[in-house]
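Single chain ahead, written as C-alpha coordinates, the form predicted on its own.
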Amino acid sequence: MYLARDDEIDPKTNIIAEYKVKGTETFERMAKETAAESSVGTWTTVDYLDDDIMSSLAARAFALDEKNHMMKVAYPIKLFEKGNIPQFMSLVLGNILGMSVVDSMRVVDVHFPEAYLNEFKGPAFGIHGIHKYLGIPKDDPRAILGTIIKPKLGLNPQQHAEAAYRAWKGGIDYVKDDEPQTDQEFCRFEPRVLETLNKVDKIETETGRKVLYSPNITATLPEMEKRARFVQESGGNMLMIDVLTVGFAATEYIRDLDLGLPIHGHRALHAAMTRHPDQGVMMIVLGKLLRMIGVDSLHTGGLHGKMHDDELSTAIKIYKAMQKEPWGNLKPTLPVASGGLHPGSIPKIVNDVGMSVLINAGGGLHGHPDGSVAGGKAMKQALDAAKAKIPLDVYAKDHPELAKAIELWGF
(Lines give C-alpha, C1' and ligand atoms only; values in the text may rest on other atoms or scores of the structure.)
Protein backbone atom coordinates (compact mmCIF):
# COMPACT_ATOMS: atom_id res chain seq x y z
CA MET A 1 0.00 0.00 0.00
CA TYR A 2 2.81 2.44 0.87
CA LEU A 3 5.42 1.08 -1.55
CA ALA A 4 6.04 2.01 -5.18
CA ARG A 5 8.34 1.29 -8.09
CA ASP A 6 10.78 3.97 -9.18
CA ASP A 7 8.94 4.50 -12.46
CA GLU A 8 5.68 5.21 -10.60
CA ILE A 9 7.07 8.36 -8.94
CA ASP A 10 6.71 11.72 -10.69
CA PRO A 11 9.27 14.23 -9.34
CA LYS A 12 7.15 17.10 -10.66
CA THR A 13 4.26 16.29 -8.34
CA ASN A 14 6.10 14.87 -5.33
CA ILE A 15 8.61 16.08 -2.78
CA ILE A 16 11.16 13.29 -2.51
CA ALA A 17 13.06 12.71 0.73
CA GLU A 18 16.02 10.39 1.14
CA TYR A 19 16.37 8.56 4.46
CA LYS A 20 19.09 6.49 6.07
CA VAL A 21 17.27 3.93 8.21
CA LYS A 22 18.53 1.26 10.60
CA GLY A 23 16.60 -1.19 12.74
CA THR A 24 15.87 -4.82 13.48
CA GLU A 25 12.51 -4.95 11.64
CA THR A 26 12.44 -5.92 7.98
CA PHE A 27 13.52 -3.08 5.74
CA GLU A 28 10.24 -3.24 3.84
CA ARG A 29 8.24 -2.83 7.03
CA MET A 30 10.34 0.15 8.12
CA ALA A 31 9.79 1.71 4.70
CA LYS A 32 6.03 1.19 4.83
CA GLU A 33 5.78 2.56 8.36
CA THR A 34 7.80 5.63 7.40
CA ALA A 35 5.53 6.43 4.47
CA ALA A 36 2.38 5.76 6.46
CA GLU A 37 3.28 7.71 9.61
CA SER A 38 4.32 10.77 7.64
CA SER A 39 1.22 10.91 5.47
CA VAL A 40 -2.27 9.37 5.83
CA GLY A 41 -1.59 6.19 7.82
CA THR A 42 -1.57 5.30 11.48
CA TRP A 43 -0.92 2.23 13.62
CA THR A 44 -4.35 0.62 13.21
CA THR A 45 -7.35 0.55 10.88
CA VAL A 46 -9.47 3.71 11.04
CA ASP A 47 -12.65 5.09 9.50
CA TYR A 48 -12.60 7.45 6.52
CA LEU A 49 -9.35 6.20 4.99
CA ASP A 50 -10.86 5.42 1.60
CA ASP A 51 -9.32 4.73 -1.80
CA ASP A 52 -9.59 8.36 -2.91
CA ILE A 53 -7.50 9.56 0.05
CA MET A 54 -4.97 6.79 -0.44
CA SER A 55 -4.51 7.37 -4.15
CA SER A 56 -4.06 11.13 -3.88
CA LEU A 57 -2.32 11.66 -0.53
CA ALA A 58 -0.47 8.55 0.62
CA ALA A 59 3.32 8.81 0.70
CA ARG A 60 5.13 5.96 -0.98
CA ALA A 61 8.55 4.50 -0.23
CA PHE A 62 10.69 3.43 -3.16
CA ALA A 63 14.32 2.84 -4.16
CA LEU A 64 14.84 0.58 -1.14
CA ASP A 65 18.55 -0.19 -0.67
CA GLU A 66 18.79 -2.41 2.39
CA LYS A 67 22.53 -2.97 2.03
CA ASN A 68 23.25 0.74 2.45
CA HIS A 69 20.25 1.39 4.75
CA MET A 70 18.82 3.88 2.25
CA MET A 71 15.29 4.53 1.04
CA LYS A 72 13.37 7.32 -0.65
CA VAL A 73 9.86 8.49 0.16
CA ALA A 74 7.68 10.41 -2.30
CA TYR A 75 5.26 12.86 -0.70
CA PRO A 76 2.44 14.16 -2.92
CA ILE A 77 2.72 17.92 -3.08
CA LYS A 78 -0.94 18.11 -1.99
CA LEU A 79 0.18 17.14 1.51
CA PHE A 80 1.95 20.46 1.95
CA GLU A 81 0.73 23.95 2.64
CA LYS A 82 2.26 26.38 0.17
CA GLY A 83 5.16 28.40 1.52
CA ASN A 84 5.10 26.84 5.00
CA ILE A 85 8.46 25.39 6.09
CA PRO A 86 7.38 24.58 9.69
CA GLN A 87 4.57 22.42 8.29
CA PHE A 88 7.01 20.78 5.87
CA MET A 89 9.36 19.95 8.74
CA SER A 90 6.55 18.56 10.87
CA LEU A 91 5.70 16.15 8.08
CA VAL A 92 9.06 15.13 6.59
CA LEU A 93 11.27 15.49 9.70
CA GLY A 94 8.56 15.07 12.33
CA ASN A 95 7.32 12.02 14.18
CA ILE A 96 9.00 9.52 11.89
CA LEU A 97 12.46 10.14 13.36
CA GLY A 98 11.11 8.91 16.69
CA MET A 99 9.20 5.82 15.55
CA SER A 100 9.82 2.70 17.61
CA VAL A 101 9.84 0.53 14.49
CA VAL A 102 13.26 2.01 13.59
CA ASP A 103 16.39 2.19 15.71
CA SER A 104 17.68 5.30 13.93
CA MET A 105 16.72 7.53 11.02
CA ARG A 106 18.52 10.38 9.28
CA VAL A 107 17.14 12.67 6.57
CA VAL A 108 19.93 12.68 4.00
CA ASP A 109 18.50 14.97 1.34
CA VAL A 110 15.24 16.39 -0.01
CA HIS A 111 14.33 17.18 -3.61
CA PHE A 112 11.63 19.74 -4.38
CA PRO A 113 9.51 20.19 -7.51
CA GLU A 114 9.49 23.69 -8.98
CA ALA A 115 5.81 24.08 -8.16
CA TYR A 116 6.69 23.94 -4.45
CA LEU A 117 9.97 25.88 -4.64
CA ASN A 118 8.40 28.82 -6.40
CA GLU A 119 5.98 29.46 -3.54
CA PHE A 120 8.95 30.89 -1.61
CA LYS A 121 10.62 34.27 -2.02
CA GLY A 122 14.16 33.01 -1.52
CA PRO A 123 17.04 35.44 -0.92
CA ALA A 124 16.42 39.10 -1.67
CA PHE A 125 20.09 39.56 -2.61
CA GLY A 126 21.91 36.24 -2.64
CA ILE A 127 25.37 35.75 -4.11
CA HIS A 128 25.07 38.19 -6.98
CA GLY A 129 23.38 40.92 -4.96
CA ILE A 130 26.11 40.83 -2.31
CA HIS A 131 28.81 40.78 -5.00
CA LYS A 132 27.18 43.78 -6.69
CA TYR A 133 27.11 45.77 -3.44
CA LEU A 134 30.81 45.09 -2.88
CA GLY A 135 31.70 45.92 -6.49
CA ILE A 136 32.78 42.37 -7.39
CA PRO A 137 32.22 41.76 -11.13
CA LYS A 138 29.78 38.98 -12.00
CA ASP A 139 32.05 37.77 -14.80
CA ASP A 140 35.13 37.75 -12.54
CA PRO A 141 33.99 36.69 -9.07
CA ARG A 142 36.28 36.35 -6.12
CA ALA A 143 35.75 35.01 -2.64
CA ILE A 144 34.46 37.51 -0.09
CA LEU A 145 36.68 37.81 2.97
CA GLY A 146 35.09 38.18 6.37
CA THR A 147 35.90 38.16 10.04
CA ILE A 148 34.22 37.65 13.39
CA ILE A 149 35.17 40.03 16.17
CA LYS A 150 37.46 38.36 18.69
CA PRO A 151 37.36 37.92 21.60
CA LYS A 152 33.84 36.78 20.79
CA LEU A 153 32.51 38.30 24.01
CA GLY A 154 33.79 40.98 26.35
CA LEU A 155 34.65 43.97 24.19
CA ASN A 156 32.69 47.18 24.72
CA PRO A 157 31.06 48.94 21.70
CA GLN A 158 34.06 51.14 21.00
CA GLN A 159 36.52 48.24 21.17
CA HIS A 160 34.25 46.12 18.99
CA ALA A 161 34.05 48.87 16.37
CA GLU A 162 37.80 49.44 16.44
CA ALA A 163 38.45 45.72 15.87
CA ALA A 164 36.09 45.83 12.88
CA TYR A 165 37.80 48.92 11.50
CA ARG A 166 41.24 47.34 11.69
CA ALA A 167 40.04 44.25 9.81
CA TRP A 168 38.47 46.41 7.08
CA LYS A 169 41.65 48.48 6.97
CA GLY A 170 43.56 45.31 6.19
CA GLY A 171 41.33 44.55 3.21
CA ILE A 172 38.48 42.50 4.67
CA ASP A 173 35.03 42.94 3.05
CA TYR A 174 32.74 41.80 5.83
CA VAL A 175 32.48 41.87 9.62
CA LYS A 176 29.91 39.99 11.66
CA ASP A 177 28.97 39.68 15.29
CA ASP A 178 29.55 36.27 16.80
CA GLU A 179 26.58 33.99 17.41
CA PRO A 180 26.21 34.66 21.18
CA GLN A 181 26.77 38.41 20.83
CA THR A 182 23.38 40.13 21.17
CA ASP A 183 22.60 42.82 23.80
CA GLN A 184 24.68 41.95 26.85
CA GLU A 185 25.35 44.69 29.38
CA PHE A 186 29.06 44.94 28.51
CA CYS A 187 28.25 45.61 24.83
CA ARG A 188 24.71 46.88 24.30
CA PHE A 189 23.22 46.30 20.87
CA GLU A 190 22.37 49.85 19.81
CA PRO A 191 25.65 51.53 20.84
CA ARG A 192 27.60 48.68 19.22
CA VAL A 193 25.71 49.09 15.95
CA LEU A 194 26.15 52.85 15.88
CA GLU A 195 29.86 52.75 16.76
CA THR A 196 30.56 50.07 14.14
CA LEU A 197 28.53 51.80 11.41
CA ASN A 198 30.57 54.93 12.09
CA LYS A 199 33.63 52.85 11.24
CA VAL A 200 31.89 51.61 8.08
CA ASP A 201 31.54 55.24 6.98
CA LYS A 202 35.13 55.98 7.92
CA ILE A 203 36.64 53.05 6.00
CA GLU A 204 34.53 53.79 2.92
CA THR A 205 35.64 57.45 3.00
CA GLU A 206 39.30 56.50 3.43
CA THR A 207 39.47 53.70 0.89
CA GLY A 208 36.53 54.12 -1.49
CA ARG A 209 35.63 50.47 -0.85
CA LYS A 210 32.20 49.23 0.17
CA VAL A 211 32.21 46.98 3.25
CA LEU A 212 29.53 45.06 5.10
CA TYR A 213 28.63 44.70 8.78
CA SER A 214 25.94 42.33 10.05
CA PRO A 215 24.83 42.92 13.67
CA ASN A 216 23.29 39.89 15.36
CA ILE A 217 19.58 40.67 15.93
CA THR A 218 18.79 37.23 17.46
CA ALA A 219 16.14 37.57 20.18
CA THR A 220 12.40 37.17 20.62
CA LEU A 221 10.52 37.96 17.42
CA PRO A 222 9.23 41.42 18.46
CA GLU A 223 12.72 42.38 19.62
CA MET A 224 14.25 41.03 16.42
CA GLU A 225 11.99 43.22 14.33
CA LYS A 226 12.81 46.23 16.54
CA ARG A 227 16.55 45.60 16.13
CA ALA A 228 16.26 45.02 12.39
CA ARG A 229 14.45 48.30 11.91
CA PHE A 230 17.03 50.06 14.09
CA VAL A 231 19.82 48.77 11.84
CA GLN A 232 17.93 49.93 8.76
CA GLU A 233 17.19 53.38 10.20
CA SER A 234 20.82 53.75 11.31
CA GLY A 235 22.11 53.22 7.78
CA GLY A 236 23.17 49.59 8.20
CA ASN A 237 23.69 47.29 5.25
CA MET A 238 23.19 43.74 6.57
CA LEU A 239 21.61 41.69 9.36
CA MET A 240 22.64 38.51 11.12
CA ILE A 241 20.32 35.90 12.64
CA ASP A 242 21.07 32.65 14.46
CA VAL A 243 18.57 31.04 12.13
CA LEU A 244 18.13 27.67 13.84
CA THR A 245 17.87 28.95 17.39
CA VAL A 246 15.17 31.48 16.46
CA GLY A 247 13.52 29.09 14.00
CA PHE A 248 12.46 29.06 10.37
CA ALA A 249 9.24 31.00 10.91
CA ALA A 250 10.96 33.86 12.74
CA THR A 251 13.70 34.05 10.12
CA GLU A 252 11.18 34.10 7.29
CA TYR A 253 9.21 36.82 9.07
CA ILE A 254 12.27 39.08 9.08
CA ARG A 255 12.90 38.28 5.40
CA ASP A 256 9.31 39.19 4.57
CA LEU A 257 9.70 42.64 6.11
CA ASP A 258 11.68 43.47 2.95
CA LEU A 259 13.92 45.95 4.72
CA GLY A 260 16.45 46.04 1.91
CA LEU A 261 19.12 44.35 4.06
CA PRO A 262 20.72 41.00 3.23
CA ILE A 263 20.36 38.36 5.96
CA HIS A 264 23.40 36.42 7.12
CA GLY A 265 22.44 33.12 8.73
CA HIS A 266 24.54 31.52 11.45
CA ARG A 267 23.83 27.81 11.90
CA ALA A 268 24.36 27.62 15.69
CA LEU A 269 22.51 24.53 17.04
CA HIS A 270 22.81 22.58 13.79
CA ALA A 271 25.08 19.90 15.27
CA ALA A 272 22.32 18.86 17.67
CA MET A 273 20.48 17.70 14.54
CA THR A 274 23.22 17.00 12.01
CA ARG A 275 26.25 15.51 13.75
CA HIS A 276 25.17 11.92 14.48
CA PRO A 277 25.84 9.80 11.36
CA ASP A 278 22.63 7.76 11.76
CA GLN A 279 20.12 10.12 13.37
CA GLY A 280 18.67 13.53 12.65
CA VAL A 281 19.07 15.52 9.45
CA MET A 282 21.97 16.42 7.21
CA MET A 283 23.04 20.04 6.81
CA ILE A 284 22.22 20.04 3.10
CA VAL A 285 18.52 19.71 3.98
CA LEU A 286 18.61 22.63 6.44
CA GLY A 287 20.58 24.67 3.92
CA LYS A 288 18.02 24.15 1.17
CA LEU A 289 15.17 25.14 3.49
CA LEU A 290 17.01 28.28 4.63
CA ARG A 291 17.67 29.26 1.02
CA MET A 292 13.97 28.84 0.29
CA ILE A 293 12.89 31.16 3.11
CA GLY A 294 15.36 33.83 2.03
CA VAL A 295 18.70 33.66 3.85
CA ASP A 296 21.24 35.50 1.69
CA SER A 297 24.41 34.01 3.17
CA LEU A 298 24.68 30.91 5.33
CA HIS A 299 27.33 29.17 7.40
CA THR A 300 27.71 25.86 5.61
CA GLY A 301 30.81 24.34 7.23
CA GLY A 302 34.47 25.21 7.66
CA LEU A 303 35.76 22.51 5.26
CA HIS A 304 39.30 22.87 6.64
CA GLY A 305 38.78 24.37 10.09
CA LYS A 306 38.13 23.52 13.74
CA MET A 307 34.44 22.57 13.56
CA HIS A 308 33.07 19.11 12.85
CA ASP A 309 31.76 18.60 9.33
CA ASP A 310 30.69 15.58 7.35
CA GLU A 311 33.35 14.06 5.13
CA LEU A 312 34.71 16.59 2.64
CA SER A 313 32.81 15.32 -0.42
CA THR A 314 29.52 15.57 1.47
CA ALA A 315 30.34 19.01 2.86
CA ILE A 316 31.14 20.28 -0.63
CA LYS A 317 27.66 19.18 -1.80
CA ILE A 318 26.15 21.65 0.67
CA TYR A 319 28.11 24.51 -0.91
CA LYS A 320 27.07 23.41 -4.39
CA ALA A 321 23.42 23.24 -3.34
CA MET A 322 23.57 26.84 -2.12
CA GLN A 323 25.31 28.02 -5.31
CA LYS A 324 23.11 26.03 -7.72
CA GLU A 325 21.46 27.95 -10.53
CA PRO A 326 18.75 27.69 -11.65
CA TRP A 327 16.81 26.35 -8.69
CA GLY A 328 13.24 27.29 -9.40
CA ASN A 329 13.02 31.07 -9.30
CA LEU A 330 15.21 31.35 -6.20
CA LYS A 331 18.46 33.28 -6.11
CA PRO A 332 21.54 31.40 -4.88
CA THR A 333 22.59 31.75 -1.26
CA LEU A 334 26.21 32.70 -0.55
CA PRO A 335 27.82 29.76 1.30
CA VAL A 336 30.08 30.69 4.20
CA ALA A 337 33.16 28.82 5.38
CA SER A 338 33.95 29.60 9.01
CA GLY A 339 35.48 28.09 12.13
CA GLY A 340 39.21 27.87 12.80
CA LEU A 341 40.22 29.27 9.40
CA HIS A 342 43.27 31.41 8.59
CA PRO A 343 45.14 32.58 5.45
CA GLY A 344 46.62 29.14 4.90
CA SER A 345 43.10 27.69 4.58
CA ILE A 346 42.08 29.84 1.63
CA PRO A 347 43.62 27.95 -1.34
CA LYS A 348 42.02 24.66 -0.33
CA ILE A 349 38.61 26.26 0.16
CA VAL A 350 38.50 28.02 -3.22
CA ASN A 351 39.87 24.89 -4.87
CA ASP A 352 37.03 22.85 -3.35
CA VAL A 353 34.07 25.19 -3.85
CA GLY A 354 35.14 27.99 -6.17
CA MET A 355 35.09 31.75 -5.71
CA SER A 356 31.37 32.15 -4.91
CA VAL A 357 32.01 31.78 -1.21
CA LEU A 358 32.52 33.92 1.89
CA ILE A 359 35.56 32.92 3.97
CA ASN A 360 35.42 33.99 7.62
CA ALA A 361 38.45 34.05 9.88
CA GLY A 362 38.19 35.16 13.50
CA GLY A 363 41.20 34.14 15.53
CA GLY A 364 42.97 33.44 12.24
CA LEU A 365 42.87 37.16 11.51
CA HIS A 366 42.90 38.96 14.86
CA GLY A 367 45.52 36.54 16.16
CA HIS A 368 48.12 37.64 13.60
CA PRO A 369 51.41 38.47 15.34
CA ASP A 370 51.21 42.05 14.05
CA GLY A 371 47.53 42.60 14.85
CA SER A 372 44.23 42.79 13.02
CA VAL A 373 45.29 45.10 10.18
CA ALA A 374 48.11 42.73 9.30
CA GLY A 375 45.73 39.79 9.71
CA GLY A 376 43.37 41.33 7.16
CA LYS A 377 46.24 41.94 4.77
CA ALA A 378 47.39 38.33 5.12
CA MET A 379 43.89 37.09 4.27
CA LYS A 380 43.74 39.35 1.20
CA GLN A 381 47.21 38.26 0.09
CA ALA A 382 46.28 34.61 0.43
CA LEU A 383 43.19 35.15 -1.71
CA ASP A 384 45.18 37.07 -4.33
CA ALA A 385 47.65 34.18 -4.46
CA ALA A 386 44.89 31.60 -4.79
CA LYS A 387 43.17 33.59 -7.54
CA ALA A 388 46.45 33.88 -9.44
CA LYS A 389 47.18 30.19 -8.76
CA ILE A 390 50.49 31.04 -7.09
CA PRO A 391 51.60 28.77 -4.20
CA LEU A 392 51.32 30.57 -0.86
CA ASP A 393 54.94 29.98 0.11
CA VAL A 394 56.05 31.58 -3.16
CA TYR A 395 53.68 34.55 -2.81
CA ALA A 396 54.66 35.02 0.82
CA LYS A 397 58.26 35.81 -0.12
CA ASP A 398 57.18 39.31 -1.13
CA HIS A 399 54.29 39.68 1.34
CA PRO A 400 55.47 39.76 4.96
CA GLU A 401 51.98 39.67 6.52
CA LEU A 402 51.19 36.42 4.73
CA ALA A 403 54.64 35.03 5.56
CA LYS A 404 54.09 35.60 9.30
CA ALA A 405 50.62 34.02 9.17
CA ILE A 406 52.00 30.93 7.45
CA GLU A 407 54.85 30.74 9.94
CA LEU A 408 52.33 30.78 12.80
CA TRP A 409 49.49 28.61 11.45
CA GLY A 410 50.92 26.78 8.43
CA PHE A 411 49.00 25.90 5.29
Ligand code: RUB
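None of these values were measured; they are calculated from a predicted model. For every residue, the number given is its place in the sequence shown, counted from 1.
If you look for the form predicted together with this ligand, you will not find it shown, but the lines that follow are about it.
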{"query": "Stretch in contact, per heavy atom within 4.5 angstroms of this ligand in the model of the complex, of 142-150, 159-167, 123-131, 195-203", "finding": "142-150"}
{"query": "Position in contact with this ligand when the complex is considered in the model of the complex, options 267, 106, 291, 227, heavy atoms within 4.5 Å", "finding": "267"}
{"query": "Contact assignment for this ligand in the model of the complex, among 113, 171, 332, 302, heavy atom within 4.5 Å", "finding": "302"}
{"query": "Residue contact check: residue 361 to this ligand in the model of the complex, 4.5 Å heavy atom", "finding": "yes"}
{"query": "Distance check, residue 339 to this ligand in the model of the complex, heavy atom within 4.5 Å", "finding": "yes"}
{"query": "Contact label in the model of the complex: residue 179 to this ligand, heavy atom within 4.5 Å", "finding": "yes"}
